[in-house]
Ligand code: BGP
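Heads up, the chain below is alone and in the form predicted alone; it's given as structure tokens.
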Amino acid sequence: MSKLSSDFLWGGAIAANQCEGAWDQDGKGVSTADVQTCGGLAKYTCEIPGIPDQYRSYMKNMRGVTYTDGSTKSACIAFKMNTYPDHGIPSIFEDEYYPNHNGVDFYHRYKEDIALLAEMGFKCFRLSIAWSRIYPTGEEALANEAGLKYYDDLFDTCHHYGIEPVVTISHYEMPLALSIKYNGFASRHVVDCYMRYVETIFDRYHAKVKYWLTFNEINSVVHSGFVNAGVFSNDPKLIEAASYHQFIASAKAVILAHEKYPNIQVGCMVGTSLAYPYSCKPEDCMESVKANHKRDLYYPDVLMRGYLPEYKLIELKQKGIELPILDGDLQLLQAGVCDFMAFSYYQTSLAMAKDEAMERTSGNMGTFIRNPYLSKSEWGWQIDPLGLRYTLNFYYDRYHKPLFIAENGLGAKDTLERDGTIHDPYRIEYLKAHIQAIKDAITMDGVNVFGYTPWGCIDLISCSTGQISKRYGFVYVDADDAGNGSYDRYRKDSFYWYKKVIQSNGEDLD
């Protein structure tokens, strides 16, 4: 059996809003991530009427967005748009806890953290730039030099250790002012604000960053228009407009890179949970096609193929929704096709024509029909290593462009022992099976995969819950869900295991 290429990019992934902290330091503006609470600890919570008992504990741990309607304070569930108010302004309350404000103090400890990644042998490091560190409100004429300097130093530290930064331009945060004033990407004006930001960081960092991703999990807008695109509304017309404007913004970023910075590559990033049909019943098979179109295909189809697919245009027509297409837009989409596709993979899903009575379980930003053939994590996420190989084949067959696995991992509760060790064999077992699936896709199926960055390589704030107790990392951060702790770093058993995996280029998985 052939081996992985010697230039395969082994690494790990984080996001600025979940790690950095320093939310109001050195000129940084308030972002949409800064108004999100910690699930289970929030003072301001949201109840969904009529929800089945089996989901109550799951929903209790979902983080909220705090807002005011002018007279009262309240919250909605960040990843459940049906809980968003008809009128409200996302706001920070003094008596609420916002875990992203502190993160895991990566802003001040990045040199220490990157040294730990280098000790593991990382070839690349996926991270994001906080948009509001560069343009605090999104509309300034000049960028914030302190923010630019911070990322200069961060990228220089990566290169000092021979680590290639892989940078997400917009990772679940944007200047809150753009959300409040324009409803985020529902407005075409925000595309111009995004491009001002992109032009600034491309010009500043093009010699330091080769790989860029335009938006994190761009398809997550189907769960949360606010987290994804700054749209604080449940109006499907605004959500579709925001998705469309993000397509235009991505295409413009790709075109800019190709015209001015030919040394860099720009990819899209999609959150995947491809749907198997529940059975071979034709109706279930057709339901899986529709589910995949809606959640996992529409977005990369536009970004990787360069046109609006027929199935989506028909759906929009049936719903009476007209996209805000301007003259020249369709040409932009064609010219701005991404160079590669990145995606997150945590689980697959099931689709069936009628699923009201089926057992369900939690998953990334939602709930899914329980697959009886799969085990699941403590948070209910179904574990399907072979599904990663399936997903890689599925997308490579469809687009035939290089693929990058930007997220994958197991959220679990880890225990810091008195001697400073953390034993996480469950994480090693999970990652071992998924890496084997990647190897099989490459060596047996011929899929072009050029990198793998497991999620949360340093423990961080969970996106869906705001907790840190749901840990993913190879590096343990001594902090609890309420922000208490030393924030000291400790190497887990998986740290030493992954170091061995990288040193052997994936040959030694034991």
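We number the residues from 1 along the sequence you see. Predicted model, so just to flag it, every value in this text is computed and none were measured.
A second form of this protein, the form predicted in complex with the ligand, is not displayed here; the remarks below concern that form.
Participant: If you check in the model of the complex, is S31 within 4.5 Å of the ligand, heavy atoms only?
Facilitator: Judged by the heavy-atom cut-off of 4.5 Å, S31 is well away from the ligand in the model of the complex.
Participant: Indicate whether the ligand has at least one heavy atom within 4.5 Å of a heavy atom of S464 in the model of the complex.
Facilitator: Close contact exists here: in the model of the complex, S464 approaches the ligand to within 4.5 Å, heavy atoms only.
Participant: Can you tell me whether W381 touches the ligand? I mean in the model of the complex, with a 4.5 angstroms heavy atom cut-off.
Facilitator: Judged by the heavy-atom cut-off of 4.5 Å, W381 is in contact with the ligand in the model of the complex.
Participant: Taking heavy atoms only, is N216 within 4.5 angstroms of the ligand in the model of the complex?
Facilitator: N216 belongs to the contact set for the ligand.
Participant: Could you tell me which stretch in 456-464, 23-31, 441-449, 481-489 has residues with non-hydrogen atoms within 4.5 Å of the ligand in the model of the complex?
Facilitator: So the stretch in question is 456-464.
Participant: Which one of F122, W131, Y172, W212 is close to the ligand in the model of the complex, taking close to mean a heavy atom within 4.5 Å?
Facilitator: Exactly one listed residue reaches within 4.5 Å, namely Y172.
Participant: Which one of F247, Y346, Y135, Y194 is close to the ligand in the model of the complex, taking close to mean a heavy atom within 4.5 Å?
Facilitator: By the 4.5 Å heavy-atom cutoff, the listed residue in contact is Y346.
Participant: What are the residues of 405-440, in order along the chain, with a heavy atom within 4.5 Å of the ligand in the model of the complex?
Facilitator: Only a single residue, E407, comes within 4.5 Å of the partner.
Participant: Since the C-alpha distance between S273 and K80 changes by 3 Å or more in the model of the complex, give its direction relative to the shown form: closer or farther.
Facilitator: Between the C-alphas of K80 and S273, the gap narrows in the model of the complex (3 Å or more compared with this form).
Participant: Given that the CA-CA distance for T72 and K80 shifts by 3 Å or more in the model of the complex, does it become closer or farther?
Facilitator: Farther apart, by at least 3 Å.
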